Structure formats: C-alpha cells, structure tokens
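Take a look at this one chain, the form predicted on its own, written out in structure tokens.
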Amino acid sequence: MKKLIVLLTDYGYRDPYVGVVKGVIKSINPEAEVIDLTHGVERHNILEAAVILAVSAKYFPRNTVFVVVVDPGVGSSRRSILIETSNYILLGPDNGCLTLLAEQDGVKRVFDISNSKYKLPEVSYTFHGRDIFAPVAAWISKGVPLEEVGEEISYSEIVKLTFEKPIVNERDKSIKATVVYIDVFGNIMTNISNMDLSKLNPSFGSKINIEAGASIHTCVFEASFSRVPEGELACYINSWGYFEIAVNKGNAAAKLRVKQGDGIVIKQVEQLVDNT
C-alpha cells in the first residue's frame, strides 16, 4: 500500500527549502503523496513541533510517514533517527521532537539513519531535511523495509522530550499547569487534559481564576470562546482535548503575558448551579 508522507518543519514559506524537500521525494518516488502539516513552527522550537505532531497524528491514516525537521543541532554530532510506532513511521533529528507521539502511540523499533545507504550521495552539514530525511522517507514510501534504511538502536539511547504532567489538587479545586502551545490567535493551550479537568468538574458558566506570574485573571468556562462577550476571557476544552484559554476576538497570550513553557495555576472559584 502506498504510504503518505507528511512534512512538519520550521522552514517557513519564504525560502525554497520545502519545495526542494518535495522535489527530492518526487524524484525518488513520483507517485508519493506529500502533505504539508505546517512549516510555520517557531524557529528551533522543538517542543512546539512535538506538540503539533502529537495532537495531529491520529487524523492521518495508519502507516503515514511523518518527516519532522526542527533541527537546531543540524551539523553537530546529533543522530538522524527513525521511530516505528504502533501506527506510524517518524523521521527526524534525535532531539526529542518525535518522542511525545512515539510514547503516546507506542514504540516498536528505532533506527539510526545518519549513515543510511538511502541518503543522497552528498550530505551537507546544514540541510539534512533534503539530504537524509526526504530520500529515506521516499524510499520507505516505495516499500523499502525499515531494517534496510538504518541500524536498529534502543529507544533508551535517544533524546526524550520532557512533558510535565499537571498537578491536580481536588481539595482546593486547583491545577498547576504548563503552557505547551500558543497558536496564531494567541490562544493558550495547556497540558491539562479533559480527564484532568474532570476532577474539578466545572460546569459551563463556572468562573475560573488563572494565576499567571503575579497576575490573576478570571475567565468563564464555556464550550468555546464565542460564548463570552468580545474582548473577554474564556476557557474551554479545545479541539485537541486540552484546557485552553482564549480572548473572544483577542489575544490571550498577550493579555496574560505568558509564553510557551510558563507555569500557570487554574482554580475554580465559582461553580454554576443549575436549579432547573
């Protein structure tokens, strides 16, 4: 069965890098289907790439080949790796960008493809997306067995990305959390899952305090940000299944002055009671 190749990078859209990567893939396998997940990852932001990959993968078919190139260590001694999970094939630098999805989906095998015989004949120090990851992905999409593209290594040998779990205090109805992603709208995605939030059991209309730095902001828990007046804060479970903070037609990250990696505390201060 033909394998889909999905690209996720911080290359941006101005330079020719993405087009060249696709050119390499198509030169090897003209029938390859290639999808751009995004090339707008913040430059060198490994965590952002890892989060995008982890929340997006389940919407793609089984055996999809994901090529992730957010690689501030390119040209150093870091390895190029391939991880086979229960449902996907992941290619990227050994810097942790693949490991959130790998552990979520279940790791089967890991290969060092730094010296793969399927890389391009000349490998630059600065463009492994073109010279290693693209050709290896293309040959895999043509049916080359994974064990032929590199040397199998242990998952314990590779770099893991640490992803802190939220701390839930059911007694005082609070959760210590981390900002894991901020989208183009300034919406703040945290590491609080729907299951974590269910321990507080907020109802729509409940008021929740957000402690960010030295400031405390109050938002309303709703189904979406559109349920509050323009310019007001709302919090909700987003489309990926995580607790998110937004401003209706505004920028929550700017309002709360937070960035990715910052810690916040949410605390339920008012539970809406339905007397009907």
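Bear in mind the structure is a predicted one, so any value in this text is a computation, not a measurement. Numbers for residues come from their place in the sequence shown, where the first is 1.
Another form, the form predicted together with a further copy of the same chain, is not on view; read the next lines as being about it.
Here the marked residues Gly19, Lys22 and Gly75 all reach a further copy of the same chain in the model of the complex, each with a heavy atom within 4.5 angstroms. None of Ser215, Asn209, Asn63, Ser226 but one reaches within 4.5 angstroms of a further copy of the same chain in the model of the complex through a heavy atom, and that residue is Ser226.
Checking 169-177, 94-102, 153-161, 67-75 against a further copy of the same chain in the model of the complex, the stretch whose residues place heavy atoms within 4.5 Å of it is 67-75.
Contact check for Gly231: no non-hydrogen atom falls within 4.5 Å of a further copy of the same chain in the model of the complex. Among residues of the shown chain, Arg14 is one whose heavy atoms approach a further copy of the same chain to within 4.5 Å in the model of the complex. Although the partner is absent here, Met195 sits far enough away that none of its heavy atoms falls within 4.5 Å of a further copy of the same chain in the model of the complex.
In the model of the complex, at least one heavy atom of Asp183 sits within 4.5 Å of a further copy of the same chain. Of all the residues from 117-144, those having a non-hydrogen atom no more than 4.5 Å from a further copy of the same chain in the model of the complex are Leu120, Ser124, Tyr125, Thr126, Phe127, Arg130.
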